[in-house]
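Here you get one chain, nothing else, as structure tokens; it is the form predicted alone.
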Amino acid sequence: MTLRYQLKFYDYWHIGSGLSAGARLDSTVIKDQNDLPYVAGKIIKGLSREMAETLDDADFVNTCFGNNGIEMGKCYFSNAQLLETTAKHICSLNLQSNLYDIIASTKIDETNGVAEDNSLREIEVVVPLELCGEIRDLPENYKEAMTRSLKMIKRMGLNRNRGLGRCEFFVEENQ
């Protein structure tokens, strides 16, 4: 079966591309060919697996996610992307740049309360959005466990422990 979901971000989020933008940005977000942000399926798979392992169901984990390199998992995780109609609308009006912002941070020396030299860091973030994705080839008997795993994910991306990436998964009921 195919499990479709919506991923709603409530705050700025940063899924890194591994690239910088020269002297301007230390880290940029991952974007598709139309400069639209997305979350790679492998990130969703990794976070889902982490949550699934807390459910104490080894058969579910091994069947859906694989068995530590011995056996491949049956499930395929697509990228989570904007709805197609939303993406077309944004691209037709050339509004992609409005989806991003830049935040800066620096390290403060605890002894004197002054910013440390060369510690200023700027990263690109994405505004709160709603994305859609799917998990294909999910065995029917693991639908509930996969839904629980997705719903346990509350944050993702860079600085998720410092206020970025607060999110929630909504699984479509009629599938």
Partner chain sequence: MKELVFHVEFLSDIVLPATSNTEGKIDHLDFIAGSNFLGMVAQKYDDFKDSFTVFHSGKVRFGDAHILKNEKLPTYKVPYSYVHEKLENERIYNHHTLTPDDFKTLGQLKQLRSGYITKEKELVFIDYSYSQKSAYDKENRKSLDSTMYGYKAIKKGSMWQLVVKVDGSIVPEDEKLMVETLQTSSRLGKSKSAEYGQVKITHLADQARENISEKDLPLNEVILYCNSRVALLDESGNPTYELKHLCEGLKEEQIAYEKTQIRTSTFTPYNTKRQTKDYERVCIKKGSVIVLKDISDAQLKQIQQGVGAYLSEGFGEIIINPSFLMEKGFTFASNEPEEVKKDERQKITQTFTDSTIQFLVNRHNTTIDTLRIAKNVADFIKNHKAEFKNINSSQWGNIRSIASSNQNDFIEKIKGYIGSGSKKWETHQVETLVKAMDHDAINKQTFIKLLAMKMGGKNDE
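Numbering follows the first chain given and starts at 1. Remember, it's a predicted structure, so these values are computed and weren't measured experimentally.
Although not depicted, the form predicted in complex with its partner chain is the subject of the following passage.
- Contact between Phe60 and its partner chain in the predicted bound form is not found at the 4.5 Å heavy atom cutoff.
- Taking the partner from the other structure, its partner chain in the predicted bound form has a heavy atom within 4.5 Å of a heavy atom of Asp137.
- Remark: Tyr142 does not count among the residues lining its partner chain in the predicted bound form, judged by a heavy atom distance of 4.5 Å or less.
- Its partner chain is not drawn, but in the predicted bound form it has no heavy atom within 4.5 Å of Ser20.
- Every member of the trio Ile90, Leu95 and Val127 reaches its partner chain in the predicted bound form with some non-hydrogen atom inside 4.5 Å.
- If you take 62-81 and check each residue for a heavy atom within 4.5 Å of its partner chain in the predicted bound form, you get Gly69, Ile70, Met72, Gly73, Lys74, Cys75, Tyr76, Phe77, Asn79, Gln81, in sequence order.
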